[in-house]
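Read the single chain below, which is given as C-alpha cells and is the form predicted on its own.
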C-alpha cells in the first residue's frame, strides 16, 4: 500500500517522494521506483525503523532538502495474531512499535512544518474488531485517537480505517479465499476523495456493509445508517445452545444425527471462509479451503456459544476435516452421535 500510494503521488506530479522501509527494496520494487522517477518525481529511499530515534529526522531531512514538505503518509504495519487472553507483551510491542511509536516520531519531527496533511493508515479492525487481532485493533484505535488529538491542536490529520486491499500486499490471500476486498484503483480514488474533503476520520469497507460488520454489531446505532435490512440470518447465526443441542438429540442416532452436525458445522465454516458453496464435503481437508489459525479462532468463537462449551485453544486444529471435527465436538460436548445421550 505504501508503494501504491507513492505511485499515486507521482501520478499527481509530486515534486519529491521519500519512501521509508526497514529493509532494502527488492529488485522488483527497485524497478518500479525507477519507473516512477522517470515520470519526473524525485524518488528517494531512506532505510530504517521510523519508530527508532533519528530515523524520522533523516526522513524529514531528505524531504526538505531544497523543497518544502507538504504531506506525510504513515502506513507501517506488523501483524502478530493471538487470542485476546493469550497476547504476550512481546506480541503487543511488536505490533504497536511501528504503528504507534512510528506515528509519534513522525509527529514530533514534523510538528513545526507547514504540512497540508498528515495521513494515518488505520484499519477496520479498530471499528469492527477482528478475531485474533486484539493487538492490531488497539494500535489502530490509538491512531484514530491520535488523529483527534493532533486535529485539536490545529494540525491537519486524517485517520483512514481501511478494509482489506485484495490486489496488493498482505491482503491478497483474502481475495484468493473469496472475501470481498478493495481494488487498488478504488482505494486510491477513496484516498483522493478523503483528502479533498479533509475528513478527520473515514472508513472504507469492501462490498456491502454486512460482508464485514459482524451480526452482533449490526444493531448498533453507529452502523444503522449504512446497513439495510438483510432479511433473516442463516440458521447457524441464530442457534443458541439449547436449540442446536435439542435438534441433535431429536435426530435419530447414527447417520442422521452425525449428518445434522456436519451440515451445521459446514454452515459456520461457509460463513467463516466466505464461500459461496451451499454445502461442503465433510471429508475435504479444511486447509484446502485456506483455513488458518485466525479463521480457526473465528470458528471457535461461533461454536462455543452455540454449543454451550469452552474449547481449548488448539482444539479445532486437531481435526483435519468437518467429519472429524464433528466427532470431536460431539465427544467434548457430551453429545453421543451414534448412541443414547443418557438422562
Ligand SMILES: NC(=O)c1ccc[n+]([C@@H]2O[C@H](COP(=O)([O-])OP(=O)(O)OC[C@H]3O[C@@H](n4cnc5c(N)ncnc54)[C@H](OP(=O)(O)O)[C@@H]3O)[C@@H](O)[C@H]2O)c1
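If you're wondering where the values come from, they're calculated on a predicted model, not measured in any experiment. Residue numbers count along the first chain shown, from 1.
Omitted from view is the form predicted in complex with the ligand, to which the following refers.
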Among the candidates 222, 170, 113, 84, the residue which, in the predicted bound form, approaches the ligand to within 4.5 Å (heavy atoms)
170
Considering non-hydrogen atoms and a 4.5 Å limit, which listed residue (146, 165, 264, 118) is close to the ligand in the predicted bound form?
165
Report whether the minimum heavy atom distance between residue 75 and the ligand in the predicted bound form is within 4.5 Å.
yes
May I ask you to check whether residue 268 falls inside a 4.5 Å heavy atom distance of the ligand in the predicted bound form?
no
Counting only non-hydrogen atoms and a 4.5 angstroms cut-off, does residue 303 reach the ligand in the predicted bound form?
no
Looking in the predicted bound form, any heavy atom of residue 123 within 4.5 Å of the ligand?
yes
Partner-facing stretch of 304-312, 280-288, 63-71, 44-52, counted where any non-hydrogen atom is within 4.5 angstroms of the ligand in the predicted bound form
44-52
Using the arrangement in the predicted bound form, list in sequence order the residues of 77-113 with any heavy atom within 4.5 angstroms of the ligand.
77, 78, 97, 98, 99
